[in-house]
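A single chain comes next, written as structure tokens; it is the form predicted on its own.
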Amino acid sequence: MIEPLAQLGNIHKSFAGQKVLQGVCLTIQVEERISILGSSGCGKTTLLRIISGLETPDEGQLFLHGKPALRTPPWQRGIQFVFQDLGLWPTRTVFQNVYDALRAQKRSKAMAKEQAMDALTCVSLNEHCQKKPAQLSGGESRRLAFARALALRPELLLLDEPYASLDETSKTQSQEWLQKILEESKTAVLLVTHTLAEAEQLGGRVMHLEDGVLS
């Protein structure tokens, strides 16, 4: 019996007395792809932040590979989070955005350089290494965010509305790039979105979050 990658049990979270998550339970298997559909403000981002370690639930449990993980620091969870605003470092170059993230995980300079270039080549950004994020198009920025996250070889990738504000052409291209690099990795993916088409394009399970209840 293979141990699930992650398990959430009876997760509750409120802000200023407003219930955001109510008894959420979710099991994520190794290499699984899951999409969660929900309207704005339904708690999708809060759920991702709890899984990543950026928020603590009021009640409930989180297990990673069968071990309690709520006290595990975010950087020790084997999880990468691509935020809706992407979280790119604006003062660092395209190359440095990936290289610095790898160095923060104690990779050697030579290994970090090689893995950063491999990741950027995979998304065809290797010719933009010296640009700053502000000089990239919306689609290129998302490809950089995907490349940085997956260069760190996480077990679980969290995606928070990753195609927000993109036009249809850029969205389609970004989705194709993500699928391409996911095919070469063994990373599980949890995507939250309000668009059914985006959930179906990722593949895997589709769930719904409404009024803080996941079904």
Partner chain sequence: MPLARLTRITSPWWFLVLLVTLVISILPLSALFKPLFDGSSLQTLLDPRIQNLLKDTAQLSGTAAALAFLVGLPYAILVWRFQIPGAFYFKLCAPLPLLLPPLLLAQAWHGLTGWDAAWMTSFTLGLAYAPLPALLAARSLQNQSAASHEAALLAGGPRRALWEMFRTAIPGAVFGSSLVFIFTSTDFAVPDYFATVGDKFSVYAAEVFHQFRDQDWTAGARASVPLVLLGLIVLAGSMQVERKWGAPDFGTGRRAKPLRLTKKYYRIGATLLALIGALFLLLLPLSRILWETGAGGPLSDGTWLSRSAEGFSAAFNRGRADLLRSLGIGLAAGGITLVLAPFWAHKLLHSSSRKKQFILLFLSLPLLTPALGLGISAIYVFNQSSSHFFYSSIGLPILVYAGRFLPIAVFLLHERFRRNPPEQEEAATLAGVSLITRIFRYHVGPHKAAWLLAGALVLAFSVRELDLAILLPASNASAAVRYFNALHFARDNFVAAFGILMVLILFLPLMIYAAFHRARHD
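Numbering follows the first chain given and starts at 1. Model, not experiment: these values are computed from the prediction.
As for the form predicted in complex with its partner chain, it is not shown, yet the points below apply to it.
Chemist: Test of understanding: in the model of the complex, would Gln175 fall inside 4.5 Å of its partner chain by heavy atoms?
Modeler: No, no contact at 4.5 Å.
Chemist: Would you classify Leu88 as touching its partner chain in the model of the complex, given a 4.5 Å non-hydrogen atom cut-off?
Modeler: Yes, Leu88 lies within 4.5 Å of its partner chain in the model of the complex.
Chemist: Just to confirm, Leu120 within 4.5 Å of its partner chain in the model of the complex by heavy atoms?
Modeler: Heavy-atom contact with its partner chain at 4.5 Å: absent for Leu120.
Chemist: Can Phe95 be called a contact residue for its partner chain in the model of the complex at 4.5 Å between heavy atoms?
Modeler: Contact check for Phe95: no, nothing within 4.5 Å of its partner chain in the model of the complex.
Chemist: The chain here is shown without its partner chain. Which stretch in 167 to 175, 146 to 154, 32 to 40, 183 to 191 comes within 4.5 angstroms of it in the model of the complex, by heavy atom distance?
Modeler: Contact-bearing stretch, as computed: 146 to 154.
Chemist: Select from the listed residues Ser108, Gln105, Gln130, Ser124 the one whose heavy atoms reach within 4.5 Å of its partner chain in the model of the complex.
Modeler: Only one option qualifies, and that one is Gln105.
Chemist: Thinking of His12, Ile28 and Phe63 as the candidate spot, does its partner chain come within 4.5 Å of a heavy atom on all of them in the model of the complex?
Modeler: So, no: the whole triplet misses its partner chain.
Chemist: Within 43 to 77, which residues come within 4.5 Å of its partner chain in the model of the complex, counting heavy atoms only?
Modeler: Sequence-ordered list: Arg49, Ser52, Leu54, Pro74, Trp75.
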